[in-house]
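Encoded as structure tokens, the following chain is the form predicted on its own, with no partner shown.
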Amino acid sequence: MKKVLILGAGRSASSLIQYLLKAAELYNYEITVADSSVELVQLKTQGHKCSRPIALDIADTKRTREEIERTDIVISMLPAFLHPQIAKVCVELKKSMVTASYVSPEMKELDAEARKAGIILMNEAGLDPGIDHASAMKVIDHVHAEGGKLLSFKSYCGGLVAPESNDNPWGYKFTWAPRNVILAGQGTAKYIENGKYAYLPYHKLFTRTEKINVEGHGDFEAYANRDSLSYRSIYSIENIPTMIRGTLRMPYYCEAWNVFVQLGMTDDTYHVEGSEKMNWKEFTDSFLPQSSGDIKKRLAAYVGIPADGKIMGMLEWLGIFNEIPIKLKGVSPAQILQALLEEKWKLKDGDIDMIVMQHQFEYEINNKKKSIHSSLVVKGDDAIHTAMAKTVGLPIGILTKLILNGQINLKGVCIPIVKEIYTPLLKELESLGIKFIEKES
């Protein structure tokens, strides 16, 4: 019997657990799901005969090591900063590992040791990063195999609310870690466009957006991710003139979010004094120059938006001008904003979310220029089995199964960019309804 250990049973683990429990019946796996909340684990495993739900505090290093030692492969759904800690134990005990997070410098350093141990540390195995890598490399390898030369590659992805559940002016609800949404884009975005390098600081990031159309689903707007340049070497397209990766949101979202950036409400570096005594209007006012008069007009003048326009309406809908107490002590502006948004952007019972991804390729072949648009749209089933949970969890589950069954034999630190990985991955994802539609012109 092959044994799988899943560390963490949070938002993105629902579809992963469901997938592996089904696979367990076919391949005789035992699926141990570990979380600090055994009630949560029991809810996710539903007493399945192949499941072993346990309570586990990851800070208990002795017990964690014992659980890793008794398994064949570890899936870490923990916060990203904990992955290297788990990976080191996996290397020592010669156990393979799968995670959805980016390859960190600490993880990269384990490559040689993992190869020596004869194991694979599969990273970036979720949605973005993950499915984006696999689907992009399929097209890139095809273009290169045909003798084509890539001129431009743009890749966009967003976790959104489905149109039928979109009942707020932001067109957004949380389907993954709220904190990551609040802090998104901080740092400098780096990309190359028409052979010219671009460096976009955080305070300008949401002012430079691009309109993206997905056929049958309308227009979205995209802003650049932090570092698009590093992916040139990862995708073996070092000399490409245009390379941009971006995040998708609904129209007007970026313009409205930029107000928070300009005010400083997304800052997570200090605590707001006396926040527990403030209401939302006072909190908002604390970021404005001292003056009398209507707070909405003062804010509008300060950030340069119409006082009676759509963006102000979006801000009002959130309640940042209300006199409702905040009741939070010793927290940063970003944490205060997060508390408000977690209430306003919560998926309701019956709501479904939507994942949208689009790759745009331009290439030259036989002195002719061509383009390919490869688009993916996935909707959730409900507020538990969300599109986000499916597109993050299913590729992790599929890759875990492929490793366990000996269909992937690579060693060391890997991501899904080679045919041995992406071909079976994309094939099974397609059978599960996660399918890219390619349009060539």
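A residue's number is simply how far along the shown sequence it sits, counting from 1. Just so it is clear, the model here is predicted, and its values are computed rather than measured.
Quick note: we don't show the form predicted in complex with another copy of the chain, though the next part is all about it.
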{"property": "Another copy of the chain contact in the model of the complex: residue 310, any heavy atom under 4.5 Å", "result": "no"}
{"property": "Heavy atom of residue 190 within 4.5 Å of another copy of the chain in the model of the complex", "result": "yes"}
{"property": "Contact label in the model of the complex: residue 232 to another copy of the chain, heavy atom within 4.5 Å", "result": "yes"}
{"property": "Non-hydrogen atom contact residue 290 with another copy of the chain in the model of the complex at 4.5 angstroms", "result": "yes"}
{"property": "One residue of 237, 93, 103, 263 in contact with another copy of the chain, assessed in the model of the complex (non-hydrogen atom, 4.5 angstroms)", "result": "263"}
{"property": "Partner-contacting position among 348, 203, 368, 327 - heavy atom within 4.5 Å of another copy of the chain in the model of the complex", "result": "203"}
{"property": "Another copy of the chain in the model of the complex reached by all of 317, 381 and 430, non-hydrogen atom within 4.5 Å", "result": "no"}
{"property": "Stretch in contact in the model of the complex with another copy of the chain, which is absent here, among 210 to 218, 84 to 92, 123 to 131, 193 to 201 (heavy atoms within 4.5 Å)", "result": "193 to 201"}
{"property": "Residues of 96 to 125 having any heavy atom within 4.5 Å of another copy of the chain in the model of the complex, listed in sequence order", "result": "none"}
